[in-house]
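Only one chain is included here, represented as structure tokens and corresponding to the form predicted on its own.
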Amino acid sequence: MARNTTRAEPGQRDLSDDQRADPLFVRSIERAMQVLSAFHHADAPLSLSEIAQQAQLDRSAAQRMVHSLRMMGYIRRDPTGRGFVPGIRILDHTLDYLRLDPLVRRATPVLQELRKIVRERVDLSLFDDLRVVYAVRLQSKRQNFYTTLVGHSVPTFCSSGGWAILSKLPDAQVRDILDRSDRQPFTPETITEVPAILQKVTETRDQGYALGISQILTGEIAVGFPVLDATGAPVAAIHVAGSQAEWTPEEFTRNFVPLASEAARAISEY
């Protein structure tokens, strides 16, 4: 069955006992972040019991954390009184990340110029193990709520940007990422079998870009290009997305691959 989600899983990041035993490690900060992370997959306000369950804390600890975070503006009561939602202060940190990250700063003017030319959706996504996270989103005339949001993420295994990034990784790392991915489909066309994904990665290596059709959204066609750091490692991807109602794959690639490929090279440090 296809799924609909606004956030892909970043991969396994549980701390080890040795890491938690580090004298510089502050356990209360870990618990506070667990409480904030409880909202990652919520589609409605969360009750205190739901926060405790998602954060894997007892109710008393969750209550203290929620109270403290409310006082600081990082959690607030839902206006309807049905529970808790993130507070406005979290947006301050989002802004800090975007304005101080050198890749985002370097990419933004390049992508703005690309968007003016192609007049289709243009995105920058950052590589985060099992997922890619959107840091810049420049919309076209076709959009829905989730495709406008910075911070939205999709799995590496089935997105054009993800395939572009995988094409620049060693085979062993590619296979490790695929083995740890849940590989659940978003649409009936989502490629989920490992051999077929590996074939898409090989195609991407050969042609220099990834072409995805109806992988995340039905009827969407997207081309993805890797962005490399100074060592040649993939750190991000840019993608141009359009509608199959307006473009054939051949027309889409012919019109946009040269322009987007040049933009990816301009953003890369390698």
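Start at 1 and count along the sequence shown; that's the residue number. Source: prediction; values computed, not measured.
A second form of this protein, the form predicted together with the DNA, is not displayed here; the remarks below concern that form.
Note on contacts: among 28, 37, 244, 207, the single residue with a heavy atom within 4.5 Å of the DNA in the model of the complex is 28. Checked against the DNA in the model of the complex, the residues 42, 228, 61, 69 give one hit for a heavy atom within 4.5 Å, which is 61. Figure note: of the listed segments 199-207, 212-220, 51-59, 232-240, the one touching the DNA in the model of the complex, with heavy atoms no more than 4.5 Å away, is 51-59. Taking the partner from elsewhere, residue 84 is found to have a heavy atom lying within 4.5 Å of the DNA in the model of the complex. When the DNA is considered in the model of the complex, residue 77 lines it closely, a heavy atom lying within 4.5 Å.
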